[in-house]
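Quick heads-up: it's one chain on its own, the form predicted on its own, in structure tokens.
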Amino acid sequence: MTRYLLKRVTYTFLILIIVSSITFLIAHWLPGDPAALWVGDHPTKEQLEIAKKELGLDRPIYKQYVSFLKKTLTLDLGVSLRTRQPVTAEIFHRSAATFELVFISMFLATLLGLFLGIKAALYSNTKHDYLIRGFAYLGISIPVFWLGMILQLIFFGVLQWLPLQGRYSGFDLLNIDLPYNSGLFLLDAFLSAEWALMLDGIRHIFLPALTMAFGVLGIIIRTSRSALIETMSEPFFKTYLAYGLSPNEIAMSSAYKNTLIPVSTVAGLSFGLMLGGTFLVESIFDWPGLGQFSVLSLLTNDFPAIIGVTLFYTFVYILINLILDIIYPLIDPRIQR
């Protein structure tokens, strides 16, 4: 296991170097002048030259690249040209909102997808199976940005049940000093016993979480359904049937475990898919996370922020898959590393 972990850490380091290099080159080839963003509107030629010198943009590209790699190794990702704040601080400040949204979406998609997938397998080729499979195909095919806007029109515009956007209501909540302040709004409100704040946060996170979960839900349904159908053809399943147990009893007591490996694999890959989906969902729902920050950075050619967020997303995606590889033997002891 130790050798395996060392190998994965080495691969992680190499992947981060490759991704950072590609992102660095693309960010510097994008149209626009970062120095103009740093100086502001209507800059003079002298101001632009001073700004380029301050940012190091007057040096050859290879020297900028070497300097960038040295700073990246010390977790110095530079300063955002748009917000004038350190990129590391911006990522740390905004990542809590994004991860809260992604984890809740992933939890909803996995829990509901596993349940519906097992039900579809148990009632294979019946109207229940066709209905669940149709729902899964619908989730895969609908674009998240379109679904998000439709949900806003229905639940805010027509029914007026849920808020349109944001993470909480009004600005009064910004001045509330909670005993717990991890950045995860719902968790902090729960631990602080601020039930009104928690309810307000749930109302705000419901639509964006549902939007993101719906896209992944179809993938998990299809994966769990296929895995259980394959399990139902195994000898041990037929043995249980011979002893008089029903397929439901076998699935709920034992057979569902065979679906956990493929579902956890898909869930890990879908986690990265959800992180990418936050770019659109957070913009639609005005969610103050990394997705919205990334979109604004791309629109303004804020290349230090673009590179920093890309590296952070890459690291998180690799870390999630590493964790999945570690827990595989815990789910199924037959798997050894």
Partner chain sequence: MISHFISLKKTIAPLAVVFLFALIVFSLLIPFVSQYAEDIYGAVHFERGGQPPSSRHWFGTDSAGRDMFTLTIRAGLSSLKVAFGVVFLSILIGVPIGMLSGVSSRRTDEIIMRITDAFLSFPPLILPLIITAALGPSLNNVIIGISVSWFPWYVRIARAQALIIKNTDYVSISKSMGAGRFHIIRKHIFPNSAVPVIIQGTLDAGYAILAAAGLSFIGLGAQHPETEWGLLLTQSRAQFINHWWEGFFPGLFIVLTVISFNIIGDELRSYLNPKETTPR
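Numbering follows the first chain given and starts at 1. If you superpose the two forms and keep the largest set of C-alpha atoms that fall within 1.5 Å, you have the rigid core. Computed from a predicted model, the values in this text were never measured in an experiment.
The same protein also has a form predicted in complex with the partner chain, omitted here; what follows describes it.
Of the candidate stretches 130 to 138, 182 to 190, 67 to 75, 98 to 106, only 130 to 138 has residues with heavy atoms within 4.5 Å of the partner chain in the predicted complex. When the partner chain is considered in the predicted complex, only one residue from 229, 261, 89, 150 comes within 4.5 Å through any heavy atom, namely 150. Of the heavy atoms in residue 14, some are within 4.5 Å of the partner chain in the predicted complex.
Contact annotation: residue 323 falls outside 4.5 Å of the partner chain in the predicted complex, judged by heavy atom distances. Of the heavy atoms in residue 9, none are within 4.5 Å of the partner chain in the predicted complex.
At a distance threshold of 4.5 angstroms between non-hydrogen atoms, residue 62 is out of contact with the partner chain in the predicted complex. Along 263 to 285, these residues reach a heavy atom to within 4.5 Å of the partner chain in the predicted complex: 269, 272, 273, 275, 276, 279, 280, 283, 284. Once you line up the core between this form and the one not shown, the Cα of residue 12 ends up 2 Å or more from where it was.
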